[in-house]
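Below you'll find only one chain, the form predicted alone, shown as structure tokens.
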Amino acid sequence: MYVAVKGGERAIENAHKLLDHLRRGDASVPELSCEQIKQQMPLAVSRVMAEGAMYDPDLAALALKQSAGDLVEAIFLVRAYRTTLPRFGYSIAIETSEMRVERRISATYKDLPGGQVLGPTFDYTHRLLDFKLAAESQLEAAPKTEEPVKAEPLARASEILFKEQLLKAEVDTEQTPTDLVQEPLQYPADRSARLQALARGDEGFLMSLGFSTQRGYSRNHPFAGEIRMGWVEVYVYSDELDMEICVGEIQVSECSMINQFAGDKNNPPQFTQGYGLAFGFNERKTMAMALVDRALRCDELDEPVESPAQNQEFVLSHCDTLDASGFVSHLKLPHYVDFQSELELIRNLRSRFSEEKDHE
């Protein structure tokens, strides 16, 4: 940030004070605590964690409070803080098939093995303002839900298609996944890099691209194979103990989108899938991510690139929340010299234009 006017430092200090007053609001109203934000705004906390690429509900709630509810600013705060943390190792890939499920639905199988688990969702609400919430009434106890048919972890719906060889097998390259925190994004990007970029990409941007694929701007005819949300254990490998150790569990959302694939001379017609995974309860984000992931697999599946969602450089270069926000917001900074140059150019062109008109 730079300030090209005298007294700018004092003005910035006053702007910070005004922001503090804006954030706090009327002092006669009780202050919102971080714990209240974490408990009562879990979906906002989930988005900040996902796009901030750091799982910590407490810090995400603090960022939301500090940013006065501006999600992009909160994501910026979390990303900036994350860069100050030391990296002491890598966790082992989580097993979402072992998820302790809170919500699990499929649009492809009515009688899904293990059953449909609706869980908490807006899907069946009437989208009418509930004025009882304004009265701050006490919440009734959460209803007791029936246990799934199976006591063990619920198998993925895609396994049904895999067993019949109707779903194209995922290729395991056995390569170390790209780490976008340590390495710059390079094109063409492999799928691990693409999924990382999409996982922390802006939800609105991905949702619009996913919507475009449904409207025909891609070769997608999607079915929600499975959407699940719940808790998974995180393990790290200990060299000292020569064993894997569970260090806790995190809440994640996962989505598999099933799509048609005509096959080719070497492969019979099969379904393919797009995949989405994100921290917290982030269902819409993972659905959009899965749609875009499938569109970006066009090279792998020998499909022509015909739409924006299939162009990985377009998608990955513009999906990041902070990159997009930074480039837009930088226009607020002084550009006096640049504008004066443009202004002088326009004046000269107009003068030349007038002279040519007078000679006609």
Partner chain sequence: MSEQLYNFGYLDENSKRMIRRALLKAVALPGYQVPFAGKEMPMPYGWGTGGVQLTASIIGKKDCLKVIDQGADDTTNAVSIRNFFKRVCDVETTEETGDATVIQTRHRIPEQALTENQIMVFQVPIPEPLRYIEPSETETRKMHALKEYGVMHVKLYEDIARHGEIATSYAYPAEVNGHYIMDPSPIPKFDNPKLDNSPTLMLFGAGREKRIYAVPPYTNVKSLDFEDYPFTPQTWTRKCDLCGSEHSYLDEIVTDDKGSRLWVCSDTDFCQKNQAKQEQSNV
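Think of the rigid core as the biggest set of C-alphas that the two forms share within 1.5 Å after superposition. Numbering follows the first chain given and starts at 1. Source: prediction; values computed, not measured.
There is also a form predicted in complex with its partner chain; it is not shown, and the following applies to it.
- Exactly one of the stretches 292-300, 34-42, 315-323, 56-64 approaches its partner chain in the predicted bound form with heavy atoms within 4.5 Å, and it is 315-323.
- Shown without its partner, this chain lists 118, 241, 80, 246 as candidates; in the predicted bound form, only 80 has a non-hydrogen atom within 4.5 angstroms of its partner chain.
- This chain is drawn without its partner chain; in the predicted bound form, the residue among 171, 135, 181, 129 with a heavy atom within 4.5 Å of it is 181.
- Using a 4.5 angstroms threshold between heavy atoms, residue 228 stays clear of its partner chain in the predicted bound form.
- Using a 4.5 Å cutoff between non-hydrogen atoms, residue 76 counts as a contact of its partner chain in the predicted bound form.
- Proximity of residue 304 to its partner chain in the predicted bound form falls outside the 4.5 Å heavy atom cutoff.
- In the predicted bound form, its partner chain stays beyond 4.5 Å of every heavy atom belonging to residue 14.
- Of all the residues from 327-345, those having a non-hydrogen atom no more than 4.5 Å from its partner chain in the predicted bound form are 327, 329, 330, 332, 333, 334, 335, 336, 337, 338, 340, 341, 342, 343, 344, 345.
- Comparing the forms between the shown form and the other one, the C-alpha position of residue 345 differs by 2 angstroms or more, with the core used for superposition.
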